[in-house]
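For reference, the chain that follows is the form predicted on its own, supplied as structure tokens.
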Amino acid sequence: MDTRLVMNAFESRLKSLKTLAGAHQTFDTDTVPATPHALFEQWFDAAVEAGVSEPQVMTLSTVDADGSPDARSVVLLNMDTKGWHFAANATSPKGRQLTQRPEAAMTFYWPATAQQIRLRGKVRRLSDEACRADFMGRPERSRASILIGRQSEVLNSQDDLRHALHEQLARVTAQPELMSPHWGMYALTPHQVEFWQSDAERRFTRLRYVRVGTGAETGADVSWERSLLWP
């Protein structure tokens, strides 16, 4: 089979698909809130109202010890003045990467509203109490899976996974207060947040918030400068 013909066929299939074809929203950048937190919540609520599937799922991008980028989907668990919260096992690749280099990027994309939100900033582990509260609030099977603690290692067979999960479920049942020592809640405190709105005529609107001031960890004495960007 001619590989070039196959590639051309696949390329044609890609080009036949609609892109950025969601319900384009009105984005009046003259009336946006003073903080990206408030605008994020507005956009998030609109995404839920529009029926976006799992709007809380985002792409978390980190950098490994060699400087190579890495990315995966994770769940947004909260947002406050500390930042955008997510959970991770400290022994997982992302956990180790964040220990070595506590910086990350987050990307949300909601096709139904044709909107994207990008964040960049420092990441820090939250208090032991926050980590425990998140872990203990999870279903038993989720806690058991976390306690296995071998994320991203080579799995020889599905039987090995079933056996390990069965063992940890038994531990969780016998010890309801059992806590993983490696489980962590993290918050990305952004220094930059960009809101991107698609447009049917390709006049995309990009609004960037840049943090100025001090007190990033507490949210005190922080203000945001806003600017429009070329598409």
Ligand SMILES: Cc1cc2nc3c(=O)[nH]c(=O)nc-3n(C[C@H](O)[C@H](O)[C@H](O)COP(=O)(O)O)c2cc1C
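Keep in mind that this is a model prediction, so the values were computed, not measured. Numbering starts at 1 and runs along the sequence shown.
The same protein has a further form, the form predicted together with this ligand, not shown here; the description that follows concerns it.
- Checked against this ligand in the predicted bound form, the residues Ala105, Ala87, Ala144, Ile117 give one hit for a heavy atom within 4.5 Å, which is Ala87.
- Screening Val75, Met136, Ile148, Leu161 for any heavy atom within 4.5 Å of this ligand in the predicted bound form leaves a single hit, Val75.
- Contact with this ligand in the predicted bound form holds for all three of Asp70, Lys94 and Ser152, each having a heavy atom within 4.5 Å.
- Interface residue remark: Met179 is not counted as part of the site for this ligand in the predicted bound form, having no heavy atom within 4.5 Å.
- Put simply, Leu165 is far from this ligand in the predicted bound form: not one heavy atom of it is within 4.5 Å.
- Taking the partner from the other structure, this ligand in the predicted bound form has no heavy atom within 4.5 Å of any heavy atom of Ala46.
- Using a 4.5 Å cutoff between non-hydrogen atoms, Val57 counts as a contact of this ligand in the predicted bound form.
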